[in-house]
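A single chain, nothing else alongside it, follows as structure tokens in the form predicted on its own.
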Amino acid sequence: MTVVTGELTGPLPVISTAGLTKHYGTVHALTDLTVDVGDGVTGLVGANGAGKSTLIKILLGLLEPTAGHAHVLGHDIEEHSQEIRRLVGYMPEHDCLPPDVSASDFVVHMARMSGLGASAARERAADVLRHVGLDEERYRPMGGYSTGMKQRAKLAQALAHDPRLVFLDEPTNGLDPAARTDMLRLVQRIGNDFGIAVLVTSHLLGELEQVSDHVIVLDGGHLLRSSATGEFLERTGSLLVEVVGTETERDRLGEALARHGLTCRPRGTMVAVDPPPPGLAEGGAAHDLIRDVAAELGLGLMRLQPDRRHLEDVFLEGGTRA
């Protein structure tokens, strides 16, 4: 698979790795990872076992790399790991909350552990619990929380000491669709409204393209691609067409368009039209043809839009790694 890297310009990256490698005997968790992470929300995506959690733990100084080096907020991970942990918030993937402690007491404790005084810690805890939507539930023991509430409590403790950067490891893990959407909105707010740099991991590709400014894709511990989200979602030149009716109407449209020289295939309820040939590719000629054919068939045209690439396409395209 071809590695495509995106060079960050402007301010120094908040995270920078060079040749970062972590091997456990014959198991290669990370191999020769060289990548930069900037401000905003950066999605770190890959299947389970791709090396996402290993990378975060190395950056926090919790694991020692086998080779290579990295800097977080300008600090070397091996020489200044304690300073990095003071400046960074971390939301772990797995459930780690004490069940008999309230969210308020827990977040206050974590803020104190990060160096805040008692008064400042209480004020900060109340603030972040309100931001994550636990204001009314903050005095309840966390053992009685739903999965979504527990994830919010973990997010709150990561923000308690006003970090410059947060690592969010699978923050939507175990959430239902509505809670997942709410969590993603919170992640986006942290990066865009609060001005805190975010590195968020997920194995669900579609999630991160919704909220990330930049995406890093790992595959088996290797860097597959790193670039701005918009570059992943660029237009392909193809079109998506949807008409009113069943698959029968969809197929009627596709067959008619094929007779006019367009290459079509079904995609769910829509017809996917390959990039139009010369003569139809300019001036909206293909759009006009699709509209006219639908009208001739007596079909109601619901949607006609450019097709865009998605993060899944990075894995489907193939190629070779570096």
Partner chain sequence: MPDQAATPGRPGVIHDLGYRHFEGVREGTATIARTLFVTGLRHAYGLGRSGKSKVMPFVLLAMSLLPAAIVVGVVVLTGLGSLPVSYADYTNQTQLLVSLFAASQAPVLFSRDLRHRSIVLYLARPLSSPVFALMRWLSLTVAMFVFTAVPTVLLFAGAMLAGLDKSDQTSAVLKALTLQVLLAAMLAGVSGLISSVSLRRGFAVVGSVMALIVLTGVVTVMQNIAYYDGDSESVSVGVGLLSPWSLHNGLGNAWDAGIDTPAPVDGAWVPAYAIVALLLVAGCLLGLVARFRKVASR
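Residue numbers count along the first chain shown, from 1. Keep in mind that what you see is a predicted model, and the values were worked out from it rather than measured. Just so we're on the same page, rigid core means the largest C-alpha set that superposes within 1.5 Å between forms.
Here the subject shifts to the form predicted in complex with its partner chain, a form of this protein not shown in this document.
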Query raised in the report: Heavy atoms within 4.5 Å of its partner chain in the predicted complex: does residue 146 have any?
Result: no
Query raised in the report: residue 267 near its partner chain in the predicted complex, any heavy atom under 4.5 Å?
Result: no
**Report entry** residue 215: touches its partner chain in the predicted complex, heavy atom cutoff 4.5 angstroms
**Finding:** no
Query raised in the report: How about residue 133: is it within 4.5 Å of its partner chain in the predicted complex, going by heavy atoms?
Result: yes
Requested in this report: For the three residues 85, 109 and 161, verify that every one has a non-hydrogen atom within 4.5 Å of its partner chain in the predicted complex; reply yes or no.
Outcome: yes
Query raised in the report: Considering its partner chain in the predicted complex, which of 196, 243, 223, 77 comes within 4.5 Å of it through any heavy atom?
Result: 196
Query raised in the report: Only one of 67, 297, 62, 47 has a non-hydrogen atom within 4.5 angstroms of its partner chain in the predicted complex; which is it?
Result: 62
**Report entry** Region of this chain that lies against its partner chain in the predicted complex, out of 246 to 254, 69 to 77, 215 to 223, 121 to 129 [heavy atom, 4.5 Å]
**Finding:** 121 to 129
Report summary line: Looking in the predicted complex, the residues of 78 to 97 with a heavy atom no more than 4.5 Å from its partner chain, listed in order, are 82, 85, 86, 90, 92, 94, 95, 96, 97
Report task. Take the rigid core as the frame of reference and indicate whether the C-alpha of residue 242 shifts by 2 Å or more between the shown form and the other one. Result -> yes
